[in-house]
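Here you get one chain, nothing else, as structure tokens; it is the form predicted on its own.
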């Protein structure tokens, strides 16, 4: 998406794309909407304790010329683990610091005692502290060549094998993979590729079909638009009108100054390129709000009220035609719900829309190689300016930035695309409010490849800590997921080879 020559926006794109697939960052230019699948913020809950450990991983699992290693960070909590043979819930790390995901994946912490499970959170290579080449890991494409989902899955498999062989009582422990967003994609793929390592997987908000030829490129933004349309009268329609209003107002120097002051921007808009960047920033804001439209106050991407889109839409309920300035005043009030709900920000920074705990450059590289996720808008079925998906422009931008060309069909080849029936024991959970559900598995494929839909859920709501304001649908989803966990654990124990007697 965002095809064209806007390479000047790359720095901002890389920073913003830190968040949106941990599973939605948008493409700026063609790259504007490359998923940043993210995760959940720390909610109120009991104190958690874990040990931080490191494991020597091979830099390259699939070749033999590069024989170096790096220290992969992983976190272990075994307070409730029932030895020997108690289950292991294994979090497949996303595109960010593993401690962030550990602290915020409340579902795992809350079911550990119930299942007698050990919790393991494994960091994804190239993110957090797990840098194969130290601080030089991002210095050139030769180093980045080892940043792939396949290498990360192999890291997880080798780590688990080591844990089972070195930790007393773990040899026969059934392992279940858990992940959200990109981590959810990895969980599903982990079960597919290494069924000998994990007995099942929970893939929450995992858009494993958000790839070329698998789902319509416009469905992501349609879902965002539906979220706003259902949250307030005329809300989505007025956001659709706002783009033309911005074009009109920003056509003069005085208009640019007015926009800068109205939105309390830290860096004033000076020219047409700035106004394009400003619109991209607003578009990412609306997408992020759709991702984190939670039923209670949360402090994930930003501190937000409960059902934040409903709050935003209170400022965008114009029933009749208003002036561009009146409309944009409402948009300004709406944007400040996201960026300044607490009232503590003196100005709004258009270079950042989300947490700094995610790794922007690494994900941008992955999007430029194997994670090609087409997105587009038409301005009719969605509330955004029309933008076609232009793979060639996307490829050219990737080549200019990293010297690589994306492989559009590779994810389908290596992970099977929609042909998944040969696999088993995977839960695909998706929220009806989450735009990433557009690329997710939302129907049962077989009796053991099951879809769990959460109509009132935003991005991986089921992985968050439980809350008094949780809708019944997410409570039911979590109970169903635990039921499947128990079933897989029983199956694994039943299938364990019996010791022969002399």
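Residue numbers count along the first chain shown, from 1. Note that this is a predicted model, so its numbers are computed, not measured.
Keep in mind that the form predicted in complex with another copy of the chain is not shown, yet the notes after this line are about it.
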{"property": "Contact at 60, 148 and 157 by another copy of the chain in the model of the complex, all three, heavy atom at most 4.5 Å", "result": "yes"}
{"property": "Residue (of 318, 296, 133, 410) lying close to another copy of the chain in the model of the complex, criterion heavy atoms within 4.5 Å", "result": "410"}
{"property": "Option touching another copy of the chain, based on a heavy atom within 4.5 Å in the model of the complex, out of 303, 379, 416, 169", "result": "416"}
{"property": "One stretch from 468-476, 451-459, 47-55, 61-69 that, in the model of the complex, holds residues within 4.5 Å of another copy of the chain by heavy atom", "result": "61-69"}
{"property": "4.5 Å heavy atom contact, residue 79 to another copy of the chain in the model of the complex", "result": "no"}
{"property": "Residue 217 within 4.5 Å of another copy of the chain in the model of the complex, heavy atoms", "result": "yes"}
{"property": "Proximity of residue 369 to another copy of the chain in the model of the complex, heavy atoms at 4.5 Å", "result": "yes"}
{"property": "Contact of residue 349 with another copy of the chain in the model of the complex (heavy atom, 4.5 Å)", "result": "no"}
{"property": "Within 379-407, the residues that have a heavy atom no more than 4.5 Å from another copy of the chain in the model of the complex", "result": "404, 405, 407"}
